[in-house]
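The data below hold one chain only, encoded as structure tokens and taken in the form predicted on its own.
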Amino acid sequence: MKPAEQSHPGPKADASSCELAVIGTGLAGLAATLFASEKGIYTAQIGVNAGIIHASGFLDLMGVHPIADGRVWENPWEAIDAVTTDIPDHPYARLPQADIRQAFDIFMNLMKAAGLPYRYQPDANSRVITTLGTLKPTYGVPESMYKGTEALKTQKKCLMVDFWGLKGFSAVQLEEMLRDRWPGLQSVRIAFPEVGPSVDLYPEKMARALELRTHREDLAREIRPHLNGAEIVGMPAIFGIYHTREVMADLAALIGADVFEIPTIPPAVPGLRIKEMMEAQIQSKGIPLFAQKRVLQVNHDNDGGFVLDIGEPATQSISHRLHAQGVILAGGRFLGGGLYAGRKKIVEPLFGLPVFQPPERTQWHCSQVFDPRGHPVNMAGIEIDDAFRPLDDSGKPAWKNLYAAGAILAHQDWMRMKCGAGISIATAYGAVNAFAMNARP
């Protein structure tokens, strides 16, 4: 629902209030809340679990441009320069590179402090191994996966391991896909501790099981006979949820070889780790988190702020009313519910903002599913000014203290450009800075 035209009399006596409300609990929303907290902005967050639990754990900054040419960039900063020249309305064009670097540095430090460290080269993408055995350019690599990138470079003798009952992850496929790049690669399929070969396995349950040392001992006992001189062992991303470094170090000691992770098909453990870590950080800072809730309606109050009615998505029943001086809209695109694709057009359902999109539905997609240019609908989204404020039909800010960040923004195809995490982190940082500069007293 769009904000009511009449002014709201203000929050009721039982209403709570904050300086900034962040709508969305994906990477952009969570990052915005943490950035705001670092600045001392009293913030509340609202949203349901969405895309972040499907994340591979890789933090893409900029990897491919132009999409149609499939050009892969080794230096993501040079890629950003090219993108902002060719697509001047791309979200990255709203920020100087110094701010994007600062955003990543702050975010990486937060991750490290929370026990989920990342590795990255300041001016280069890394080539990481995917579930399919392809190599993907990415910027930030979880420490639990980075040893695989290093081992591929140095051609360490490696054993790939998968498990009976685990779908969507094949050590044989990895061996076949990487054989030309990685001589001496081996593969084996084994039973997961205390589970028979006919039982379906799920990465999250496997990861939780490996937080118990007895299960790690059993797993190492299964792997050791298959090493055949391997110096490092690659496995699906199952090295625990909360104690990944400890699980990884202990497994390496028990097996007698280094270990590393490879992402599985979603929903994936690395995305769950990010979600759990960031939500724990938010809760430890005393930030109100309305988890598994949605903003059902927004009104303006007499002070130029917003009154948000929050409730259950299924029943549409309002359970809380929140007054906020400003709002960052970071609800993602279609999966997160930030945008809705109707029969004729795409709409932004909460504030009624105009959405940049092809003029006709027949133009959303190219005739070929795998058209190398991508599909025009993937560039749809909310248009913003340089202060990250969504624009109305006249090209002016739609609401004084409304900001937007993340995948909901227009003029970017984050999946094909390999820049999803970068856009989320950088624009969250930009939106928070804009609020701090323009909206705070």
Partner chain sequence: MGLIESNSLKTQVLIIGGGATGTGVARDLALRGVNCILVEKKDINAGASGANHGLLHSGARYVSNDPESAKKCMDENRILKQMAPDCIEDTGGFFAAVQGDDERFVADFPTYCEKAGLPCTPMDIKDAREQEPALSEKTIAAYAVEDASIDPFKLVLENITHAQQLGCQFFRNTKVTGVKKSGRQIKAVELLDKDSGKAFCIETEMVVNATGAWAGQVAGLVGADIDVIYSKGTLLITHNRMTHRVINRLRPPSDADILVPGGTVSILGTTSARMKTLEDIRPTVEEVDYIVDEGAVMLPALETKRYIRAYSGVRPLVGTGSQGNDRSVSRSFDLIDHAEDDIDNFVTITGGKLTTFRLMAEKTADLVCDRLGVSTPCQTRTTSMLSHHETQWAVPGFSSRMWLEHHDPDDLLLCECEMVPQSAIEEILASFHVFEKEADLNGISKRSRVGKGGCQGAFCSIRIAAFLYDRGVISANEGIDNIRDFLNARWKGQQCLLWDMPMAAAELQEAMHCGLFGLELR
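Predicted model only: the values in this text are computed from it and were never measured. Positions refer to the first chain, counted from 1.
The protein also exists as the form predicted in complex with the partner chain; that form is not presented, and the subsequent description refers to it.
query: Gly311: heavy atom within 4.5 Å of the partner chain in the predicted complex?
result: No, Gly311 is distant from the partner.
- prompt: Hey, in the predicted complex, does Thr315 get a heavy atom within 4.5 angstroms of the partner chain?
  reply: Taking the distances in the predicted complex, the answer for Thr315 is no, it never comes within 4.5 Å of the partner chain.
message: How about Gly184 - does it come within 4.5 Å of the partner chain in the predicted complex, if we only consider non-hydrogen atoms?
response: Heavy-atom contact with the partner chain at 4.5 Å: absent for Gly184.
message: in the predicted complex, does Phe58 come within 4.5 Å of the partner chain, counting heavy atoms only?
response: Although the partner chain is absent here, Phe58 would touch it in the predicted complex, with heavy atoms inside 4.5 Å.
task: Using heavy atoms only and a 4.5 Å cut-off, decide whether all three of Ile106, Thr149 and Lys285 touch the partner chain in the predicted complex.
output: Zero of three within 4.5 Å in the predicted complex.
message: Using a 4.5 Å heavy atom cut-off, which residue among Pro354, Pro193, Pro117, Gly165 comes into contact with the partner chain in the predicted complex?
response: Result of the distance check: Gly165.
- request: Note which of Pro96, Pro266, Gly256, Gly304 lies within 4.5 Å of the partner chain in the predicted complex, where distance is taken over heavy atoms; exactly one does.
  value: Only one option qualifies, and that one is Pro266.
query: Which of these stretches, 366-374, 318-326, 96-104, 237-245, has heavy atoms within 4.5 Å of the partner chain in the predicted complex?
result: Answer to the contact question: 366-374.
- prompt: Quick one: which residues from 99-132 get a non-hydrogen atom within 4.5 Å of the partner chain in the predicted complex?
  reply: Contacting residues: Thr130, Thr131, Leu132.
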